[in-house]
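Here's a solo chain for you in structure tokens, the form predicted on its own.
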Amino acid sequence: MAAAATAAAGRRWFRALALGVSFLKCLLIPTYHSTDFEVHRNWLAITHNLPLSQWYYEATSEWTLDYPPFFAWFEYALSHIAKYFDPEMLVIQNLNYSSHATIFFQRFSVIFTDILFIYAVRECCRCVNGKRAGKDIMEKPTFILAALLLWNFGLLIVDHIHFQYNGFLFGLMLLSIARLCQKRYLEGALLFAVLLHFKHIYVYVAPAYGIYLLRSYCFTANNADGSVKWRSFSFLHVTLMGLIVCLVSALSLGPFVVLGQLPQVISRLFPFKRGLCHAYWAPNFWALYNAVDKALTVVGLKYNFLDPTKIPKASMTGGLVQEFQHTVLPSVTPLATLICTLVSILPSVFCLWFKPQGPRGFLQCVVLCALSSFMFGWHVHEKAILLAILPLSLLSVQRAKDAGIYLILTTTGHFSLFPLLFTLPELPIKILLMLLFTIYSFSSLKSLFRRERPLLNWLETIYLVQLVPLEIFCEIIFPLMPWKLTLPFVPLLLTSVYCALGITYAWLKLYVSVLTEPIPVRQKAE
């Protein structure tokens, strides 16, 4: 009876959290939307009107289809519902079309598909160790985790103001993580394979999935010291895994292989001509690299070390998505970023194989792979930081050390998303939502680990507090200064570089934590 009552209470508070955030999403329907809104409207029109053979060739709009085939089919399915709201949105030539019916349909489609994300969060909460559960429901790790995921500030503004479909995609990812934690390996592998063919950015964390499935599923036993027992290798398990990957890939890419269009699809998915950085630098290593190059250029010009006629005007900071050359430091190629990314994820993959920590070790590797790819990847978008923040949420409610890293990463990463919402009406919305989520994150995790050491040291606290004057300068002081006309990129540069310092610190701190953990000595039952 007591267990049934507890389960019923759990369903009630989770339902309340889910309904509350869904209501908030509905309130955000009239807000500003970015060019991504037109991107998805155009994809609805392309998939609705054109045969499959023309999907990845159509170029009437500059926003060509550049997601994998499963997402194209998703748009195709949505288009057959969209025609009942406003058929004009499905006309390819209606560029930048945004009637009230179109806005309502596209906004509501994001809210509706978030049902998968809500279900995935519920499954993840079942995987959380409840030993720390307090008497108060709001102090339970499962409640805190559900709130951190469902009410995640970054996901709210990116999907429901800026406009994208990240919710159900992260739902697939979290559900695959939950299935692996529940030792339902084939289901987890299937979900992740499907996810990759919805949005290829999730290839960032593919090494973590591959090594963990090989270590935990394809090898069925460990030695007493925790090392893998090579004789336990299961050819059947490898075959089943291979079949899942091959079948999903064949279903997604097979039609384009038959049409002889696979190279065209690949060229759309990986457009290396877009340049090292996005128009707004993602707060990663390359933002710091670009900033150093800019500083050296200014110094070189001041002391006549550089020829002004040979320096491109407003290079890298003109707001354009294009290739560019650095002035002082060596220019970076796609191959260089690939090598840096692979080298940076190798230690985490090494630890996952030689220092198995079970699901927690897998989650650590997922976060490190996501962060390493974010730090060193080619043309990384600032929104990709969510790929590390959301899985780190699962670790934050289990150990104080991970909670501290989470607070640094999530506060800095979320603040770096502020430039996405640059319109005046959205200014109070983003500040209020950010404050509410940040205050809750700090207070809930501090309460959960109140018997342990402080989650942040004094230097980390000072760094995070300085985000406040930075925002005041960027939003209030700088627009009143004469520099606004001559140096319009300064607020973006300051935000990107300052946040890059915090994200780099969180990445290094998590890496040190993983590398210095002792090797567990335990034996896996055969």
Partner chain sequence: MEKWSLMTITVLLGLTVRWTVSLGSYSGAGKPPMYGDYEAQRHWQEVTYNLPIRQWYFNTSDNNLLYWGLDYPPLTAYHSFLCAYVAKLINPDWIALHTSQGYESQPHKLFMRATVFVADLLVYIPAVILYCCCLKETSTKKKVSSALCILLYPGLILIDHGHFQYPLSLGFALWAILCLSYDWDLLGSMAFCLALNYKQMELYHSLPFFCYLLGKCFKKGRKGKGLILLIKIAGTVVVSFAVCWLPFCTDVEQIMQVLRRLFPIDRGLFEDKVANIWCSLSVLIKIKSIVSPQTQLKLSCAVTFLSLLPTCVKLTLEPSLRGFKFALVSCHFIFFYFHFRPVCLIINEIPFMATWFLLVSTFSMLPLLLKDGLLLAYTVTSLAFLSACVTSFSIFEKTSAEDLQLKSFSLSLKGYVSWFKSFPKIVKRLFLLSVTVMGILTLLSATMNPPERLPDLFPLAVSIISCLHFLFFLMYFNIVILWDSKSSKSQKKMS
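Numbering follows the first chain given and starts at 1. Since the model is a prediction, treat every value here as computed from it, not as a measurement.
If you look for the form predicted together with its partner chain, you will not find it shown, but the lines that follow are about it.
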Only one of 418-426, 263-271, 297-305, 84-92 has residues with a heavy atom within 4.5 Å of its partner chain in the model of the complex, and that stretch is 418-426
Report whether all of Arg12, Ile29 and Leu433 sit within 4.5 Å of its partner chain in the model of the complex, measuring from non-hydrogen atoms. yes
Quick one: is Tyr440 in contact with its partner chain in the model of the complex, heavy atoms, 4.5 Å cut-off? yes
With the cut-off set at 4.5 Å between non-hydrogen atoms, does Glu139 touch its partner chain in the model of the complex? yes
Val512 versus its partner chain, in the model of the complex: is there a non-hydrogen atom within 4.5 Å? no
Indicate whether its partner chain has at least one heavy atom within 4.5 Å of a heavy atom of Phe285 in the model of the complex. no
Among Thr102, Ser444, Asn222, Ser109, which has at least one heavy atom within 4.5 Å of its partner chain in the model of the complex? Ser444
Any residue of 13-27 that, in the model of the complex, places a heavy atom within 4.5 Å of its partner chain: Trp13, Ala16, Leu19, Phe23, Leu24, Cys26, Leu27
